[in-house]
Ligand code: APR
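Next up is one chain by itself, shown in structure tokens, the form predicted on its own.
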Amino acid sequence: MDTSSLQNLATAIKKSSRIVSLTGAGISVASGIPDFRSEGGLWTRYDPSLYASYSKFVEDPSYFWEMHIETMRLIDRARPNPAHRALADLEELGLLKGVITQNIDGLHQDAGTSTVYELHGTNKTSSCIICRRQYPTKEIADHIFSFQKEDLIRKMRRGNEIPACDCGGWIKPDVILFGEKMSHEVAVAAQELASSCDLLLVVGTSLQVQPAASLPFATKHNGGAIAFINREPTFLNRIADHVFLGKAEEILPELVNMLNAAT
């Protein structure tokens, strides 16, 4: 870790008045949730156009559940790691105004961050696609986990054991599938937050998906600085003011330590 560069970022944070973080799958890897796009990730084993498509879900939810059972198990076991806790610490110090995340795992909230905008929804709750009645996903997970996965999928392929509402509609976790509209309110709030900050901490994302990929440009357009913390370079490193290639769960806690030492 480049200590002098990290100290420069700490100095920039102390001089900033409005800091925001944009996070992606990479921040949760240390919590046991692999990046979908990485080697061995879900997208290498499940075609998202079939298993993560909203239109396919409406037609036959069994494909979505075949994939999502794995995601639910990972999220059920996951706990916030030092990177999540470091961002919560920055908020508690009054330095961080909010987190915009592409993740559905709820780990930022579990770590104690209070202002979180979830671009791709959340796995914490589920809703009927017809009447919009909401359910805790844990209740659905407890029932689903009582089956062996192979047996459950066979039943679901025949139209049985698929989570359904009293009105007859399918129940879907409140995650955004391909072809599904994301929350307009969340998207607008995220855009406003990124546009108004003077420092955007981009953590654990390769910025391959919109609208997250455009948010650093909104910060830059309005005169803000950008810091990238990621295991690999992104195509936007060229516009960054600070770049750290490494593990967020190591870099962010050290950054917080520097800030605490300076107070």
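Quantities reported herein were computed from a predicted structural model and do not represent experimental measurements. Numbering starts at 1 and follows the sequence shown.
Heads up, the form predicted in complex with this ligand isn't pictured, but that's what we're talking about next.
Contact annotation for Thr219: none of its heavy atoms lies within 4.5 Å of this ligand in the model of the complex. Contact annotation: Arg85 falls outside 4.5 Å of this ligand in the model of the complex, judged by heavy atom distances. For His242, no non-hydrogen atom is located within 4.5 Å of this ligand in the model of the complex, even though that partner is not displayed. Within 4.5 Å of any heavy atom of this ligand in the model of the complex lies no heavy atom of Tyr54. Residue-level contacts in the model of the complex: of Ala225, Leu236, Val29, Ile69, one residue has a heavy atom within 4.5 Å of this ligand, and it is Val29. Highlighted residues Arg73, Thr122 and Trp170: none comes within 4.5 Å of this ligand in the model of the complex, counting any heavy atom.
Along 42-56, a single residue, Trp43, places a heavy atom within 4.5 Å of this ligand in the model of the complex.
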